[in-house]
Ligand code: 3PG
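Heads up, the chain below is alone and in the form predicted on its own; it's given as structure tokens.
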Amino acid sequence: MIRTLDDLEAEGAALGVRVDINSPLAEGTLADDARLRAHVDTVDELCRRDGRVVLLAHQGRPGGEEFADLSSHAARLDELLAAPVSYCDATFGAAARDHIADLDPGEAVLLENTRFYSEEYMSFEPAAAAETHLVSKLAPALDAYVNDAFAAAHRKQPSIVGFPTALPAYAGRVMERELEMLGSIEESPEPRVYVLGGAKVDDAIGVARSVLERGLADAVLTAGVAGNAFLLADGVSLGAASAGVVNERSHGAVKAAGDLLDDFSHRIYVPRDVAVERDGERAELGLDDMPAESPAMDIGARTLAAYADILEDAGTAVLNGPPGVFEDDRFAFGTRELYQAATRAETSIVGGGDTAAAMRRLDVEGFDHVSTGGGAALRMLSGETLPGVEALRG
């Protein structure tokens, strides 16, 4: 059983709260606060209950352009929350522990980027994670641990799996909602339709195989680069440009898609037409009109109509990955219309990541659940377990 905030005695306690506020940056500062807003309920509740809240988070990857400190995140959280939020440019050293000791009930502090320390970018089993510097130095300054970072729950990092070994552990409100919605996908209304698109073609094919083999999906609708891989595997000549994009993303994608079609062709749907750029404009081509000189950038109207009919009758629709290059207005049509069609299913779920970003950009609303996680949501929607969730089970 996973304990939640309902089981936590927060008053006066020093509470280590892992959040996922890894966000887009512009010139080194926060450019989008959507992920911060997701955790407001958890942090605000703990502060109102007079907890002394110690926030742990990461930003970017070592060596990446968005690998930065969390000062701007702390400033924005201070604006979003009724409680004061300070910033400490240390994570587990004496300065961090002293800052925690000085917190008054109802106050919060955001510690420095956990990934500034190499251990946090490594994978550990829980017992070994509890012996890392981050956990062994910081845990004695805390009374309990709360994991609200569902988006990072698929990782075996110390801040995710180490603290539950060293401290009483609880799920935050974001984690609780995600587990309620995604953790019982096998009990969701049928038929279940998975819409798999985006540019992460290996992930899409892996999810397709998993949900089909586990009997979780009655239909898989393919689009985006993943859809192009299935078309190529089905013998459609898309042209060198589209094939090049697929092979650039994954050399083995076409074979993997072909193997999946051999096993589950009756449940896998591929695009009936695509949109390409021609003379600076959007042009839709049927499969008989291929190959094309330009790469496929979106699904066409015929595909949309066929997919919308399937989604109309769906008990559960799960979206992961946009069907087109939605950032370009010429090729946003498929993403916008397909997402809107998915909202008409009895239950509609957005699997986080690029899918949620597309939904926000195109101002599509009406989904029953929008996950905060990308990779974590994919794994859970595929029926797999998450290390961060298993650690909370004890």
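These numbers come from a predicted model, not from an experiment. We number the residues from 1 along the sequence you see.
The same protein also exists as the form predicted together with 3-phosphoglyceric acid; that form is not shown, yet it is the one meant from here on.
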Any chance Asp20, Arg115 and His154 all have a heavy atom within 4.5 Å of 3-phosphoglyceric acid in the predicted complex? yes
Going by heavy atom distances of 4.5 angstroms or less, which of Arg52, His58, His39, Arg336 would be at the interface with 3-phosphoglyceric acid in the predicted complex? His58
Want to guess which of 25 to 33, 58 to 66, 356 to 364, 343 to 351 is within 4.5 Å of 3-phosphoglyceric acid in the predicted complex, heavy atoms only? 58 to 66
